[in-house]
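Read the single chain below, which is given as structure tokens and is the form predicted alone.
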Amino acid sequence: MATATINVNNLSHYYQDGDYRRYVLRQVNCSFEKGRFYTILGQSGSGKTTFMSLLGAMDTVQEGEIQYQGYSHKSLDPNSIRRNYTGMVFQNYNLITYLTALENVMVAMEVTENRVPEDRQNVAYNLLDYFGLPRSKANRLVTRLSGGEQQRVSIARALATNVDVILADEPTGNVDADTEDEIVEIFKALAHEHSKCVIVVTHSSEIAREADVVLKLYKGSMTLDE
């Protein structure tokens, strides 16, 4: 039996408005394993982006627990979770615009405490090349790349820290249909060929059909789509 890379136990999250507490997540329980491609499907306002922010330690857990490789979030520094346990891919790329593609990837390698090769520049070049960006494009400012190319840089950056978990929040929202298909194939390969745990939140049923496991969020409650 596979060991879960992430365990989510009784996770709830709310926003306080005066005396009123509005829950966006309610008692969510689920687990995620290496080697599988997950999608979390939900409409706007369903809580999926909040859930992803909590998994990526970009927001503070209010109720419940998230375990990373058996370690509770309560015993881990949020910066450590972001540097060493999870890599994040955003809809808007969130790249450093005054750096090249290569430099964006190398910056991530500088901050992780995970083991990375000493020849970081060569590793970064190879990662970018793997995702279809040769050296001529790797050395360009990211603002001179297309949206699909910038998203590939974002994926390479997430992988550069040698994490087991890739989190992606609507990663194809700003690309065309052909590029979306290519990015989905990248995520599938990362899970199935490189044994990563890939979790994508999306409103797209087309992307969900490509996943190994589909979870649905509706009004803050998580269910398995069977």
Partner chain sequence: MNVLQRALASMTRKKAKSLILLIIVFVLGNIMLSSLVIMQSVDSTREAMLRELPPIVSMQMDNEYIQEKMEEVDDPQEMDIRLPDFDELEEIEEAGRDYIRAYDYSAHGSITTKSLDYYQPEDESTERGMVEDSGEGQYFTLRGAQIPQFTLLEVEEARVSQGRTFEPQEIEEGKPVILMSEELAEENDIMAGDHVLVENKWHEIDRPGGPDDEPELIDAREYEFEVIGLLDFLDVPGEEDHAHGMSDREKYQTLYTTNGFIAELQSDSMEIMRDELPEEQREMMEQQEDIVESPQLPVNFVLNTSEDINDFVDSVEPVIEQEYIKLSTQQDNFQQIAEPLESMRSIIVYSFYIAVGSSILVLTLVLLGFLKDRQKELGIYLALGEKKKKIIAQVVVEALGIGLIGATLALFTGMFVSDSISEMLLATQDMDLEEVSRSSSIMDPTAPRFDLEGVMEQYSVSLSFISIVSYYAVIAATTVLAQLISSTYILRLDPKKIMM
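Positions refer to the first chain, counted from 1. Quick caveat, the model's predicted, so the values are computed rather than measured.
A second form of this protein, the form predicted in complex with the partner chain, is not displayed here; the remarks below concern that form.
- Exactly one of the stretches 64-72, 185-193, 44-52, 172-180 approaches the partner chain in the model of the complex with heavy atoms within 4.5 Å, and it is 44-52.
- Not one of 149, 206 and 213 comes within 4.5 Å of the partner chain in the model of the complex, counting any heavy atom.
- In the model of the complex, at least one heavy atom of residue 90 sits within 4.5 Å of the partner chain.
- None of the heavy atoms of residue 126 is located within 4.5 Å of the partner chain in the model of the complex.
- In the model of the complex, the partner chain lies within 4.5 Å of some heavy atom of residue 106.
- Of the heavy atoms in residue 79, some are within 4.5 Å of the partner chain in the model of the complex.
- In the model of the complex, the residues of 85-122 lying within 4.5 Å of the partner chain by at least one heavy atom are, in order, 88, 90, 92, 94, 95, 96, 98, 99, 100, 103, 106, 107, 108, 110, 111, 113.
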